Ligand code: ADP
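First comes one chain, alone, set out as structure tokens in the form predicted alone.
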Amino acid sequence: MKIVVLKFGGTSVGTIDKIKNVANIISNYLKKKYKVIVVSSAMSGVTNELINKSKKISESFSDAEYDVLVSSGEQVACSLIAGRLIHKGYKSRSWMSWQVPIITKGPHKNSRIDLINKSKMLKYLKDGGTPIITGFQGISDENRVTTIGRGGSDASAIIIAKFFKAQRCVIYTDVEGVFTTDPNKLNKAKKIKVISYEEMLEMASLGAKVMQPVSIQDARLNRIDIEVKSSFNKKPGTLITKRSNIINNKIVTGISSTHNDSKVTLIGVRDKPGVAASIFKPLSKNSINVDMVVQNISANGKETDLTFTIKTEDLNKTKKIIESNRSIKFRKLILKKNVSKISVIGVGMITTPGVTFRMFQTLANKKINIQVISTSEIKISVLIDKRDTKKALIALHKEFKLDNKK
């Protein structure tokens, strides 16, 4: 069978007219003789509305009942899509996770797909049916509904594509694909035709909202090619695939920027084994994500200055945790808001010397001061003043020739 998995996000099924459009997209694949498996999110706004209701019921709403509650949104969307396909003359029906079943492991609110029972679904496909499956959810070995966490519908589509050996996995959303940088910040941003899993993972981790990092990692581990495209036009999207499939003469594929970071610096920390762990352990316990970290050792070797970045919404909590931490000693704590992380990303950097120099020289030419630096094999990130973000994006986008048409 020639199987394709189509996943539709909340904005794609946000209204009745949009659901009718989704049914038209599905029917186009059916006309091309594909066997289509559809995975749908809830209609946009519905999941947040359900979460807000749970908060009004109880500040400590049961995790198990939370999963039952929020999973109902997908059920509505799937029923409406199936109903429209039936109206158009196709054989279709909605499938809840427990009807497939999709077996999950792990805690409520953050489970992972472990197994998909294919037999019923394969028979339905062979009989000419188009299954519409609830994304974002599964069922535990205790027969309870579970949800898969952020990006769950994408993850469901990717794992379903793996289990059913689909020829394609297409993620339909409200954007045309992945861009060289945020098109809302820079109108010269260009759509990327093909991007590697690793590049996409870096861009998603650094704020690109097309897909959640966990879903990209699932695709990478299972070698599932993903096409990201808009459900609102017929333009080609972006293919996310393995490096060896990419013929690319671009050194840098994309540039990302953040807008809600803050910098924390501890001056004069007594330097001894385990001091960094003493600082970061309580932050981790309080679910505070630490990003860029730089440590400078003093000339006498007895003190160190430690700098790291966090999200601005965690700044006050971080300050309280550090000041109440009796296991560390330091002379001064400096907190700085309004900083932004700019990152250049590209697998071409691995084999191309001079990228770091070009990035730093470009920022220097624009009188932009670098506060913190971190690097990986395919990424260079710098922390700068937030007010310089757009200027940096424009300059780097031009320097690495991302303004050019692809």
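Residues carry their position along the shown sequence, with the first being 1. Just so we're on the same page, rigid core means the largest C-alpha set that superposes within 1.5 Å between forms. Since we're looking at a predicted model, the values are computed, not measured.
There is another form of this protein, the form predicted in complex with the ligand, and it is not shown here; the text below is about that form.
Visitor: Heavy atom within 4.5 Å of the ligand in the predicted complex: which of 320, 209, 272, 188?
Guide: Only one listed residue qualifies here, and that residue is 209.
Visitor: Just to be sure I understand the contacts: of 96, 175, 267, 288, which is the one whose heavy atoms reach within 4.5 angstroms of the ligand in the predicted complex?
Guide: Looking at the other structure, the residue within range turns out to be 175.
Visitor: Looking at heavy atoms inside 4.5 Å, which stretch does the ligand contact in the predicted complex, given the options 259-267, 167-175, 311-319, 88-96?
Guide: Stretch with heavy atoms near the partner: 167-175.
Visitor: Give a yes or no on whether each residue among 7, 182 and 203 has a heavy atom within 4.5 Å of the ligand in the predicted complex.
Guide: Checking in the predicted complex: 7, 182 and 203 are all within 4.5 Å of the ligand.
Visitor: Flag residue 21 as yes or no: does it have a non-hydrogen atom within 4.5 angstroms of any non-hydrogen atom of the ligand in the predicted complex?
Guide: No, no contact at 4.5 Å.
Visitor: State yes or no: in the predicted complex, is some non-hydrogen atom of residue 11 no more than 4.5 angstroms from a non-hydrogen atom of the ligand?
Guide: So residue 11 counts as contacting the ligand.
Visitor: Suppose contact means any heavy atom within 4.5 Å; which members of 86-122 contact the ligand in the predicted complex?
Guide: The stretch does not touch the partner at all.
Visitor: Does residue 22 move appreciably between this form and the one not shown, meaning a CA displacement of 2 Å or more on the superposed rigid core?
Guide: Stays below the 2 Å threshold, so no.
Visitor: Indicate whether residue 241 shows a C-alpha shift of 2 Å or more between this form and the one not shown, with the rigid core used for the fit.
Guide: Where the cores coincide, residue 241 shows only a C-alpha shift between this form and the one not shown that is less than 2 Å.
Visitor: Following rigid core alignment, is the displacement of the residue 393 C-alpha between this form and the one not shown equal to or greater than 2 angstroms?
Guide: Comparing forms between this form and the one not shown, the residue 393 CA shifts at least 2 Å.
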